[in-house]
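One chain comes next, on its own, written as structure tokens: the form predicted on its own.
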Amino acid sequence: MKKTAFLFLLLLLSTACSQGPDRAVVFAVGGAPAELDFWENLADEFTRTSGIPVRILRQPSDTDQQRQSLVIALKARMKDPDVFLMDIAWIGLFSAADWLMPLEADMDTVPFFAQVIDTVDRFNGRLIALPVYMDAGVLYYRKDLVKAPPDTWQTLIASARKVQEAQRKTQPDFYGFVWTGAQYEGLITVFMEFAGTSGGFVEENEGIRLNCPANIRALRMMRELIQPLAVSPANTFTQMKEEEVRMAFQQGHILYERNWPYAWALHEADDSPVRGKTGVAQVPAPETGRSVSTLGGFHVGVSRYTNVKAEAMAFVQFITSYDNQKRMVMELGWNPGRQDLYDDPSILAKAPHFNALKSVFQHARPRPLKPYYSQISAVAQTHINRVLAGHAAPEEALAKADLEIQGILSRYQVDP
């Protein structure tokens, strides 16, 4: 019935689209060349089946540049682009600025991860986006060196020290654990996971603070991993970002790696030294609180200023359909926003790690969806990284961070 209704909607819209090229849907999307080619092909298929023309507005691969180009267009209330992909960290800004058109009431959200829809894709009770690509922190581990992944950070540290000592007899450059400790957004995502459900950005009465016992314990542990335990490399706080972490593990010199799901396919590539030796699991839990992964990914939204609303809505339904989300898995290796695809037998045959990812995504937690989040993150990155470098104690760093965060909240007239 839903498929029939959707095809009927496309038939009606195809008549409306006969007015000319001004009825085209402009879709802004960035990424690698292969990803952009995929979107071109998908747009062409949508046009063939619906009669609605779609024009791809190719954005840079850099996400900061993508965000800036969208902000410029939306601030100017330009009618194009009509549809765009948003990093999850932008949704708070875009929704608070009233730049997003509420999606149609008949958009079916049941197949998607309910927690993601409720915590990320609704604003003031209205559905304003849908997840297209899911992301969350995971733990990779060497199945040939440990029997099972650790369930707590303390267990990970003990295991990493033991295996590191043994491996260094033949591999002097072997380390127990690598993670993203450089001063950038990746540091925030891993910090939230070290802190668990009891820490991270503590939101109270519209205010945000970092200075709490769970965060102090997390920072102390992160620093100790680098020094004095030396389970993590000395350059963790200066150079370690996603690719540096991924390459170190893939070269066979690491026991545990915290990274995003994208690394799985690279670890399992034909020329990878860790092919067939890599396991994937949820990130460990702290002593207090439960394990939690930081949520990432991209969501699709419709501009408030579109002049082709019905056509844009039809395109959103098309790219979030079961068949097209499955194509993203099979052709791009993406993690779909639809929960129902994580049980698809053909997908599990190609990507068996989806068994672990489903549970990770069900319990993942987003960063604060605030319009001023990027400013708060910049403050947090600075002070957390100072602790990792040994230039500040956790208590001192978090207290200073809170003072600067309160200044940001005051500028936005937020009552903490």
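Residues carry their position along the shown sequence, with the first being 1. We call the rigid core the largest set of C-alpha positions that still match within 1.5 Å between the two forms. As the structure is a computational prediction, the values presented were derived from the model and not from experiment.
What follows is about the form predicted in complex with a small molecule, which we do not show.
Site annotation in the model of the complex: the residue of 382, 63, 69, 375 reaching within 4.5 Å of the small molecule with a heavy atom is 63. Comment: the small molecule is not present in this chain, but in the model of the complex one of 334, 184, 174, 318 has a heavy atom within 4.5 Å of it, namely 184. Using a 4.5 Å cut-off to the small molecule in the model of the complex, not one of 108, 131 and 338 places a heavy atom inside that distance. From the list 83-91, 69-77, 153-161, 212-220, the contact stretch for the small molecule in the model of the complex under a 4.5 Å heavy atom rule is 83-91. By the criterion of a heavy atom within 4.5 Å, residue 305 is excluded from the residues contacting the small molecule in the model of the complex.
In the model of the complex, residue 367 approaches the small molecule with a heavy atom inside 4.5 Å. Contact annotation: residue 260 falls within 4.5 Å of the small molecule in the model of the complex, judged by heavy atom distances. Interface membership of residue 135, defined by any non-hydrogen atom within 4.5 Å of the small molecule in the model of the complex, is confirmed. Core-superposed comparison between this form and the one not shown: CA of residue 63 displaced by 2 Å or more. Residue 132: CA moves 2 Å or more between this form and the one not shown after rigid-core fitting. Superposed on the core, the two forms barely differ at residue 141: its CA moves less than 2 Å between this form and the one not shown.
A change of 3 Å or more separates the two forms for residue 289 and residue 120: their C-alpha atoms lie farther apart in the model of the complex.
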